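Here you get one chain, nothing else, as structure tokens; it is the form predicted alone.
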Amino acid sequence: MKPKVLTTRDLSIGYRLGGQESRLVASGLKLSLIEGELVCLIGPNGVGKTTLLRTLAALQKPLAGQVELGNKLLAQMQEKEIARTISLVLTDPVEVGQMRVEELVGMGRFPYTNFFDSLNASDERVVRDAMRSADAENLKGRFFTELSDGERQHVMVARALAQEPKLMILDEPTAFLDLPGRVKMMLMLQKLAHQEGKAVLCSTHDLDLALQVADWIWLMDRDGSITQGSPEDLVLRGEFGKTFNRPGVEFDPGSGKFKTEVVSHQKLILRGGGIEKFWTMRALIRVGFDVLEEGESGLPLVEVVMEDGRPSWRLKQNGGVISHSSIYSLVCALSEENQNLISETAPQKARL
């Protein structure tokens, strides 16, 4: 068993409102973070994910219970001692003025130097390694203010790595990134955990990515409770549905994605193969068709075929055959026919 980097015991988190009054967010939390694992914290908006991360990073005090960092109580550790073990990356924008990337990453060495001390050769080597590990090495020499959101996130991760922490905590590291940027960020965090032995905890709304890269998931519900497990075990136990399902939207354990409730007005048969068939089926379901492999002879039939090296969609219905060069064209033709069918079968209002 790999060593535990952080452990909580009957932890209660929330806000102190003044005097003896406080707002409780969650209580009785028994959590642990293990060396070499990526843990994703997932849950609906407003359940207290950021409050939990800030408490574990010693930015705010727990309402009750304990946080242990290694074999020490977090509450009894000095700031620099904590910073040598935990690094934190928040979503809040960072205002650093006209500072170059390597200077900002070098600020991550503050647990080992004074802010005004120059970095020695060892510090500079750590900074270079941190930038390389965070895929920020190519940004050296540029001003932080010139960078895109995605580039800034990689620089902030590099600064966090320069602290040489055992535990990295990141609040929504994929926020403001495009899809390729989100994938790249999550794969990088997985690499930091698996190849560099860091314990990595990040909150995210990217459930699909978390299911692909996380070793362990903390699933936080609206009542503050946290269900834990590997992504696959949580799916099989139906935990994602319990937490996220809403009227008209539900988690599909067969695909690992959320699906919306679509009312099917007509059945059709789809034949073909490859990714063309898969995406054709997706489109047909999206616009309200019940897609079958086989069915009655009178049902519309869509065949996905290759013609001159390009896909073509043959629609057989009402005794005729029409070829379409795109899924969009096929869907338009079917949707028009489907709408006519709905209009013909819908009850008519009596004329006055």
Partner chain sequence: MSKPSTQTVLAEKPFREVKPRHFLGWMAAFLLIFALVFILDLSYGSSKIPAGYIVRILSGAQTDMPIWRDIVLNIRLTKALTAVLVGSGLAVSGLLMQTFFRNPLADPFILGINSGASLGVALAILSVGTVGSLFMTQINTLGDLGVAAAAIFGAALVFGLVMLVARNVKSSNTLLILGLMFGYATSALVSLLIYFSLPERIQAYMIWTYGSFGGVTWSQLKVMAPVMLVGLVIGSLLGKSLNALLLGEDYARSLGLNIGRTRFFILLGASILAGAATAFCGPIGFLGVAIPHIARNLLRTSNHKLLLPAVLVLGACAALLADVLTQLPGTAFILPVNVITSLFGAPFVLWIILRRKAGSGVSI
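Numbering follows the first chain given and starts at 1. The structure presented is a predicted model; accordingly, all values stated were derived computationally and were not measured.
Unshown form predicted in complex with the partner chain; subsequent notes refer to it.
> Residues G106, M131 and Q163 are flagged as a possible site; in the predicted complex, is every one of them within 4.5 Å of the partner chain by some non-hydrogen atom?
Checked in the predicted complex: all three residues contact the partner chain.
> Of I86, I226, A193, L177, which one comes within 4.5 Å of the partner chain in the predicted complex, counting heavy atoms only?
Answer to the contact question: I86.
> Of E151, E239, E276, E124, which residue is found within 4.5 angstroms of the partner chain in the predicted complex when only non-hydrogen atoms are counted?
When the partner chain is considered in the predicted complex, the option within 4.5 Å is E124.
> Counting only non-hydrogen atoms, which stretch in 239-247, 209-217, 268-276, 92-100 is within 4.5 Å of the partner chain in the predicted complex?
Of the options, only 92-100 has residues within 4.5 Å of the partner.
> Does any part of K80 reach within 4.5 Å of the partner chain in the predicted complex? Heavy atoms only, please.
Within the cut-off, so yes.
> Do L119 and the partner chain come within 4.5 Å of each other in the predicted complex, heavy atoms counted?
Yes, L119 lies within 4.5 Å of the partner chain in the predicted complex.
> Using the partner position in the predicted complex, report whether P111 sits within 4.5 Å of the partner chain, counting heavy atoms only.
Yes, P111 is a contact residue.
> State yes or no: in the predicted complex, is some non-hydrogen atom of D252 no more than 4.5 angstroms from a non-hydrogen atom of the partner chain?
Outside the cut-off, so no.
> Mind listing which residues of 48-73 have a heavy atom within 4.5 Å of the partner chain in the predicted complex?
Heavy-atom contacts within 4.5 Å come from R54, A58, L59, Q60.
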